[in-house]
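This document starts with one chain, in the form predicted on its own, laid out as structure tokens.
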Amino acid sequence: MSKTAPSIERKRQKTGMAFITPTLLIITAILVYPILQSVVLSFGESSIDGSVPYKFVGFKHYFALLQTERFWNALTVTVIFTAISIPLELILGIGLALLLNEHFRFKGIARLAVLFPWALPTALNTLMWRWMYNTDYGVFNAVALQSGLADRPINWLGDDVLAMGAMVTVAVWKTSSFMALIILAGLQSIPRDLYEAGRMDGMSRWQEFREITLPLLKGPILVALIVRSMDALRTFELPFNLTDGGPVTATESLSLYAYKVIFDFVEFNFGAAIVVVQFLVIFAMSLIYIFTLRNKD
């Protein structure tokens, strides 16, 4: 009996490894290898066609990056976009989740409607908003002019502040439903007995939310914040399709800047350094969330 149990356990381990190994190989090929290749390229110089052999140059590209004004602008734009959009998405996502957690008619249709913006591809979603922001025939200018709120067309995407506000608006409209989806799953896992006990103690709806709901939602909120922050810090499709980083570089994110350096300026070693720095920023942000918002006993 004692010999059979370890044998069965070894078979289970081998079966598990057989299922996991293909996935690990795919992850390594798709994710790990490009990351390692970017790190190697960022510490060297070479040509894209292989005519110039790879030469190790140390931190040369990183020192040059720290002295590049456009890099600091892209980093600032990315941080500002993340700092403004994520809290708005979280607040709206919590509100939507609380609403969808209630019992009312056509709740299934309401859930589908809330998830519709998230289901739309980012490129299609952004192009749709770009048409609405258009200065000459966009719906926003039509409403503003006809209602008397403006006496002339507003260049929504041609002003530094308005362009950033437009980008944040599109991000909040699209991804608040993602926040709501994660938080709704957390709400449905909270035992109803806790609310019944709270009502017996005379708790108001606000006290229930503050003392019961919010503490038990720390886990889902942490997951939503980490996922969305990582996505916001590497945002590319949104500025690329909405403003192309303009006006000038007012909405140029790190991802968009790296794209232009690599594909427009064909400086892929320098671009690899930007990508590595961006990865470190995302990793640091994730650690901050984990250590400040993690569940405590």
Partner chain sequence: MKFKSLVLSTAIALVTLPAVAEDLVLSIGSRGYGPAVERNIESWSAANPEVSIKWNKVSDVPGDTRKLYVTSMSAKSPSPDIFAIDVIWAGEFAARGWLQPLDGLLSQKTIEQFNPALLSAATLNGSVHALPLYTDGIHFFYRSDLLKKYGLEVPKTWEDVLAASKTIVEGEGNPQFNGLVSMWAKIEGLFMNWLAFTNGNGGGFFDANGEVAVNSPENIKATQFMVDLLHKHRLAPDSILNSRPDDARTLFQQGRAAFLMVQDFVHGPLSAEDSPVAGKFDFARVPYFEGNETAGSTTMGGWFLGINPNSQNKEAAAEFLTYFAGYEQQLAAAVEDSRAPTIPSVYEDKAMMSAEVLAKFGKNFDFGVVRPSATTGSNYPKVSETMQLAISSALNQRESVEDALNDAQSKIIAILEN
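Positions refer to the first chain, counted from 1. These figures come from a predicted structure and were not determined experimentally.
The form predicted together with its partner chain is left out here; the points below concern that form.
Trainee: Hey, of 87-95, 210-218, 149-157, 193-201, which bit sits against its partner chain in the model of the complex at 4.5 Å between non-hydrogen atoms?
Mentor: Residues of 149-157 come within 4.5 Å of the partner.
Trainee: Closest heavy atom of Leu65 to its partner chain in the model of the complex, within 4.5 Å or not?
Mentor: Contact with its partner chain, no.
Trainee: In the model of the complex, is there a heavy atom of its partner chain that lies within 4.5 Å of any heavy atom of Thr169, even though the partner is absent here?
Mentor: Close contact is absent here: in the model of the complex, Thr169 is far from its partner chain, nothing within 4.5 Å, heavy atoms only.
Trainee: With a cut-off of 4.5 Å between heavy atoms, is Tyr33 one of the residues that contacts its partner chain in the model of the complex?
Mentor: Within the cut-off, so yes.
Trainee: Answer yes if any heavy atom of Asp136 is within 4.5 Å of a heavy atom of its partner chain in the model of the complex; otherwise answer no.
Mentor: Yes, Asp136 lies within 4.5 Å of its partner chain in the model of the complex.
Trainee: If we check its partner chain in the model of the complex, which of the residues in 247-283 reach within 4.5 angstroms of it by a non-hydrogen atom?
Mentor: Those in contact are Pro247, Val248, Thr249, Ala250, Tyr259, Lys260, Phe263, Asp264, Phe265, Val266, Glu267, Phe268.
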